[in-house]
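The chain below stands alone and is given as structure tokens, in the form predicted on its own.
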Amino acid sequence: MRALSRLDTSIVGRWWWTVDRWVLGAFLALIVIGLVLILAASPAVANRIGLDQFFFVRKQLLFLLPSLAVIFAVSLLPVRGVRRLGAVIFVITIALMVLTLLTGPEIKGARRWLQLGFFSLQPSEFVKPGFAIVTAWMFAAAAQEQHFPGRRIAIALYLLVAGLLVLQPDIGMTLVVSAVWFAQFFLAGLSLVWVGAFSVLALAGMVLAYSLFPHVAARVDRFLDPSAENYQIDRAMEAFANGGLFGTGPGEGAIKRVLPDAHTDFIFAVAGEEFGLFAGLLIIALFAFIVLRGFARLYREEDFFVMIAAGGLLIQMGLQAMINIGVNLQLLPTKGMTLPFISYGGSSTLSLSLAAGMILALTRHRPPGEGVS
């Protein structure tokens, strides 16, 4: 097409020849797979709770259209635009997280949602990409300006975000944010002494969470005790056993009819039952490809901010996928965390689209020396 020739100097033309089209294709493949699996898993859940069988499918489609627009629009941004967008998102979501604690409804002992008309918003989902960008900005500024207190600001921002998440409480999200922040700090040149100190603090935090939050202790105890009853995990393992190598066939799975979170946290188990081992390996391969190719493009990156920001976003996405799949496979204690672009969820899909767009924008080919400044 003439509009996409290398001589095209329009915004879209430059974007097409500089964006990583392989990673873009992997994101789109995950979105398509997610829609297929929601179509397979959600009707049984909807029927069980008295809704129209395609209720969740229609709602997910409503979120997918703006999500695709977000990926495209954000991936067009220059590095400076990504930094500014991340800062705006961070400030707004921090305010919304405070508002959630004050006015949000309590659901299963936690305050994580804001009701905005017909749409329920989970602000903590959106704080993740914004936080990764802002902390990368602080670490990069500290490296470039000797007297700028970027590291101290990054530590203060982390304590703010972690504190708000613990107050909800959302210990799993706190662990993800902590791991991403620590990884970014390490990329920014954290000394081994501080690596050891933060590792000890992380271990102490996990012990404290186990001691203070009964639901955390219950999940860990069930995970460590093989004889303990764990309904959802037991059903998930049945699903994988039923699926075997090639699956029972689309729509033929039985476990989704009794698995409460078949369309969200345990959608990977539905994939295993209906499409088999190879479908599960394909999903894992797509996530691994996005993370590894992203880091390969950062290997020769000269802009310190781009390296830390994109690295944090890639780790965040890979870690979230690993936790969800690990829970489904009984390798980790249960945690209500979605599988990126696969699980049903409006807030999750939109926030992940922001992160995907930022990754694509930050890893685009740029002329030497073109960066934030």
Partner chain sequence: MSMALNTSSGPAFPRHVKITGEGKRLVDEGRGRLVLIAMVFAAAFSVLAVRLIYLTLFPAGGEPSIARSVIKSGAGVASTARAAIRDRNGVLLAVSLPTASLFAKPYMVGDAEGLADRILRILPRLDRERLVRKLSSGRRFVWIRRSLTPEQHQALNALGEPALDFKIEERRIYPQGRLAAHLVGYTDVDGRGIAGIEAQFNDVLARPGDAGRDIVLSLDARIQHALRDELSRAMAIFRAKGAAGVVLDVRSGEFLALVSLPDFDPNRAGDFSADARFNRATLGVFELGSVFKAFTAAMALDYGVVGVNGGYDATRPLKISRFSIRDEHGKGRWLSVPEIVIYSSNIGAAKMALDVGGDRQRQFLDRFGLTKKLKVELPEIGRPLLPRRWGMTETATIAFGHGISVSPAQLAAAFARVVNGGFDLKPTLLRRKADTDARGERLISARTADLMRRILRKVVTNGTAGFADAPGYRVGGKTGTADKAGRGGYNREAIISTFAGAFPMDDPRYVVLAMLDEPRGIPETNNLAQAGWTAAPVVGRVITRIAPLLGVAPKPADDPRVFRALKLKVKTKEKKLETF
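Numbering follows the first chain given and starts at 1. Keep in mind the model is a prediction, meaning the values are calculated, not measured.
There is another form of this protein, the form predicted together with its partner chain, and it is not shown here; the text below is about that form.
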Option from 163-171, 90-98, 231-239, 211-219 whose residues, in the predicted complex, bring a heavy atom within 4.5 Å of its partner chain: 231-239
Its partner chain contact in the predicted complex: residue 268, any heavy atom under 4.5 Å: yes
Its partner chain contact in the predicted complex: residue 56, any heavy atom under 4.5 Å: no
Distance check, residue 300 to its partner chain in the predicted complex, heavy atom within 4.5 Å: yes
Heavy atom of residue 293 within 4.5 Å of its partner chain in the predicted complex: yes
Heavy atom distance at most 4.5 Å to its partner chain in the predicted complex, all of 192, 288 and 331: yes
Contact residue in the predicted complex, chosen from 201, 284, 76, 156 - any heavy atom within 4.5 Å of its partner chain: 284
Residue among 114, 183, 138, 175 with a heavy atom within 4.5 Å of its partner chain in the predicted complex: 183
Contact set, 317-356 vs its partner chain in the predicted complex - heavy atom within 4.5 angstroms: 318, 319, 322, 325, 326, 329, 330, 331
